[in-house]
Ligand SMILES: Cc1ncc(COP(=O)(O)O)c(C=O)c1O
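Read the single chain below, which is given as structure tokens and is the form predicted on its own.
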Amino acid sequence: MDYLNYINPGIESINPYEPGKSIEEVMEKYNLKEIVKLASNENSLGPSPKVLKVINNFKDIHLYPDGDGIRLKSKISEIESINSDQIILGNGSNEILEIISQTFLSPNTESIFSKHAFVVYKLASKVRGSKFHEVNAHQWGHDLNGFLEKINDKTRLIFIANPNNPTGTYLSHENTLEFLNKVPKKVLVVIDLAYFEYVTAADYIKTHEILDKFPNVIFTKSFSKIHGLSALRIGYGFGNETLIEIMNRVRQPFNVNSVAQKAAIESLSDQEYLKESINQNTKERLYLYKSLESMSVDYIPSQGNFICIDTKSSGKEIFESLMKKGVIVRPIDLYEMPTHIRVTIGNRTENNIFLEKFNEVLYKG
């Protein structure tokens, strides 16, 4: 095992990413028959019926997928009003983040991201042996002035989640433009839009205006959240053509399977179903706000499909107690928020079950 002395710098300090508990695991452990899972920010409505039809009719498992994803990129270009050569497809938007870090980070470089932001930014930096700056949050969100203070000659990447996961905070278009105007052109800014569709804030960012003005910006989006395709693992990034061409040199061949590509096309085509998901999330988010306020429970206002709740005690213990009652949420000790839990916004039935069990756990009912 002497070869283990030669693993790349940074990997020895990494703990594997911990996903939300699975329904099967919790049912077996606690001998439960029904589970409400509100841990991984999945769409409780599931995918569009058009997607299910495509999946059920798929037959060409023996054939390799389209390695360039031509039809899917054509559909994305139509939706985003950009050229196909500005798009890169990934095995989830997470792979796009990995490709970006693989392209730009090394032991001689640095990255910047916020405290209480998506843990993959730190993991991707550590795997490359890159130094990173984790900037303290401002009101649970990104302190962009703090980001600017950390930029130096070794800075290659800045990661921004908008809205941020797990806190649900967001950056306005005006604040984002002001920040980007101060970032050196040699630094690539990655704006992670995994929860883009759920945002209702009127002053949210305008991607086209940013792309047109800043060639050092790349956006990432996911089909795992609003589109309900989490199990198929598909996402994409979009930026300037030269950047995307370079990233495609790093991308693995056939990285997005055929079923995922076809499902994504159908989901993008069913805009009415996506609107239904957005409307449900907006309505249920407000419902949870009012319910939590009536319980005198503090939360962070969210622009995503989840709410970060301050339990004023051990978030991990609350998480464990809820699991025993058949409700799976997410403890976020990993994000240095030990008293908080993150709860996915479900449908009304799921939300009421959560509220009932959460009330029992809080007040030992």
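Quick note: we count residues from 1 along the sequence shown, nothing fancier. Just so you know, these numbers come straight off a predicted model, no measurement behind them.
Omitted from view is the form predicted in complex with the named molecule, to which the following refers.
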Heavy atom contact within 4.5 Å of the named molecule in the model of the complex, the stretch among 209-217, 92-100, 282-290, 128-136: 92-100
Partner-contacting position among 105, 194, 256, 88 - heavy atom within 4.5 Å of the named molecule in the model of the complex: 194
In the model of the complex, the one of 267, 114, 176, 165 near the named molecule [non-hydrogen atom within 4.5 angstroms]: 165
Non-hydrogen atom contact residue 225 with the named molecule in the model of the complex at 4.5 angstroms: yes
Contact test in the model of the complex: residue 233 vs the named molecule, heavy atoms, 4.5 Å: yes
Partner contact for residue 140 in the model of the complex: the named molecule, 4.5 angstroms, heavy atom: no
Close approach of residue 118 to the named molecule in the model of the complex, 4.5 Å, heavy atom: yes
In the model of the complex, residues of 136-152 near the named molecule [heavy atom within 4.5 Å]: none
